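The chain that follows stands alone, in the form predicted alone, written as structure tokens.
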């Protein structure tokens, strides 16, 4: 660790610890936890010389940045790229990469479509699909929990809830993975994802058009907001696009994380078996503990003091959501998975006005799947070496071989 560093033209980074840490390296992705501790203990704000950005890894500072969108803006990109200085790789998201007042209007439209009332209407359908999936898995006994549950279950219901056409759905997961890789630096993960992106982008652009979305689904409901004069015809497809990435990756990685946790901590699985109503909290705790979305950037709109450090205007600030979710200043025994924990306040879905737009869908699907498993499965055992899926922003598994025992 180097705490001197070269002075920057803006702010006073000499007062900030300089770290020789690359949070986008394969070594970091393989085991981020020791580095998270280094980042948290170095100070409330650090400077990451490798990418010339500031970093915050403690809960208090991450929460503060997320909840001050005026000072820490999203419209200049929530990845390393600064949209004020370079061309975005795709038209920016009207939700993720926008600031008020523009963000307020489009976010309100999506919030109406994905309201708690809308979730109630699909709840029974999602629960029935989870039950059917568990029946199918009990026949198999041994399977891959990522491909056969974490991916298969959301893909069996969410595209239908949007009323997408059946053809081409194999592009959905690669597209979501691409979006989150693109938030990283110009490393091989980002370059490869963008180079392979043309067919996925073409499919998504086509599916987001009004004529390709069947009536009654979330997609058609977004386009109906145009008829009410709340959004424009040009904005509607981009909002459907936001839903296609936000509604799948959080759910897939969240369910994968939950099953991985419950398989590793059988005493927690027993607690869930004894009380399946803990399914929602078991999912929330997995999102805190594993943090499927690891990082996001903001850009400062003015000179600001944060955690005693002065940061100049136009600086990128990298928030380590996963490190904040295990900050001992905020959580007791943060490195333990505890389904009785009070999880409210975790930043696994973000916080503030840019909180994950797909969170209600993710929570509903996560709860439905875990409750169905808890009622009918006595034990989940890991049956082979889990494999990680590497992504610049997401943390999840590529493969998790398990064997289940019927209740």
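Numbering follows the first chain given and starts at 1. Since this is a predicted model, take the numbers as computed values, not measurements.
This next part talks about the form predicted in complex with 4-propan-2-ylbenzoic acid (4IA), which is not shown.
*Asks:* Heavy atoms, 4.5 Å, 4-propan-2-ylbenzoic acid (4IA) in the model of the complex: which of 257-265, 92-100, 128-136, 203-211 makes the cut? Say which one.
*Replies:* Within 4.5 Å of the partner lies stretch 92-100.
*Asks:* May I ask you to choose, among 146, 179, 287, 172, the residue with a heavy atom within 4.5 Å of 4-propan-2-ylbenzoic acid (4IA) in the model of the complex?
*Replies:* Selected option: 179.
*Asks:* Which residue among 162, 322, 246, 279 has a heavy atom within 4.5 angstroms of 4-propan-2-ylbenzoic acid (4IA) in the model of the complex?
*Replies:* If I apply the 4.5 Å criterion carefully, the residue I get is 246.
*Asks:* Taking 4-propan-2-ylbenzoic acid (4IA) as it sits in the model of the complex, is residue 106 in contact with it (heavy atom to heavy atom, 4.5 Å or less)?
*Replies:* No, residue 106 is distant from the partner.
*Asks:* Does residue 291 make contact with 4-propan-2-ylbenzoic acid (4IA) in the model of the complex, using a 4.5 Å heavy atom cut-off?
*Replies:* So residue 291 does not count as contacting 4-propan-2-ylbenzoic acid (4IA).
*Asks:* Taking the shortest heavy atom distance, is residue 253 within 4.5 Å of 4-propan-2-ylbenzoic acid (4IA) in the model of the complex?
*Replies:* Contact with 4-propan-2-ylbenzoic acid (4IA), no.
*Asks:* Closest heavy atom of residue 72 to 4-propan-2-ylbenzoic acid (4IA) in the model of the complex, within 4.5 Å or not?
*Replies:* Heavy-atom contact with 4-propan-2-ylbenzoic acid (4IA) at 4.5 Å: absent for residue 72.
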